[in-house]
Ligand SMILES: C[S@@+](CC[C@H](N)C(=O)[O-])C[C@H]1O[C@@H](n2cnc3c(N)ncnc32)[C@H](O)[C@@H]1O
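So this first bit is one chain, no partners, the form predicted alone, shown in structure tokens.
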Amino acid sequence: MSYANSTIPVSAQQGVHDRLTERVARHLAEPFLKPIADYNREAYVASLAGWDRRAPLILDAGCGVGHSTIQLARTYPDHWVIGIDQSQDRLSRRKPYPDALLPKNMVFARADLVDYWRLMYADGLRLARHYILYPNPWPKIGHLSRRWHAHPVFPFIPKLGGVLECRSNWQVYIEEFAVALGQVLTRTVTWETFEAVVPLTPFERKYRDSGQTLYRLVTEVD
């Protein structure tokens, strides 16, 4: 099987979903009151245990096998970098990096981002940088509510501040993310295509090597 054989998400949806702005408006108007699970509270506390409360924070949201978290920690050695994923199996596959070679300014935690984002906000924490790299696009038209920008937790994401960056190999996802974020921030948010000279994730490397166009949104949300 060829390595560079990744395909672009296939969907009958070819543009921004016609219910997106309605969904975002509803989430802005109604408080999100889902109870926070105890294991997420424990993961949140553990992820901050090694932080000196002075280093700027970076959140790698949905870090998968953690290669991006490791690269970010090496790129920003004076920051505390947190890699969050809901799958312990993915987090345990951070090969080929043994623990002894991992940067000391980072931590991995298994947690549900829906709770983790809200815990950070409730604690008054502010991010220097916030990465949402290649989230599950949920490309079917009926899956809109499963995309982060249409989820009830979305209004909490910009409240964490800093430079927010989202990347995807599906143009519709980035277009929608920009529309939803712009609706929350009440200003226009732009996106662009880019070349991943140094891929941050294994998915990004595979998409690039498969000849796909990559998309990203980078904006200051303070």
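Keep in mind the model is a prediction, meaning the values are calculated, not measured. Start at 1 and count along the sequence shown; that's the residue number.
The form predicted in complex with the named molecule is left out here; the points below concern that form.
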- Query: Each of Glu175, Thr188 and Tyr215 near the named molecule in the model of the complex, meaning some heavy atom within 4.5 Å?
  - Reply: no
- Task: Given that the partner is absent here, state which listed stretch (84-92, 71-79, 100-108, 121-129) has heavy atoms within 4.5 Å of the named molecule in the model of the complex.
- Result: 84-92
- Contact assignment for the named molecule in the model of the complex, among Ile157, Cys63, Cys166, Leu59, heavy atom within 4.5 Å: Cys63
- Using a 4.5 Å heavy atom cut-off, state whether Leu133 contacts the named molecule in the model of the complex. yes
- Pro9: heavy atom within 4.5 Å of the named molecule in the model of the complex? no
- Just to confirm, Leu113 within 4.5 Å of the named molecule in the model of the complex by heavy atoms? yes
- Message: Does any part of Pro202 reach within 4.5 Å of the named molecule in the model of the complex? Heavy atoms only, please.
- Response: yes
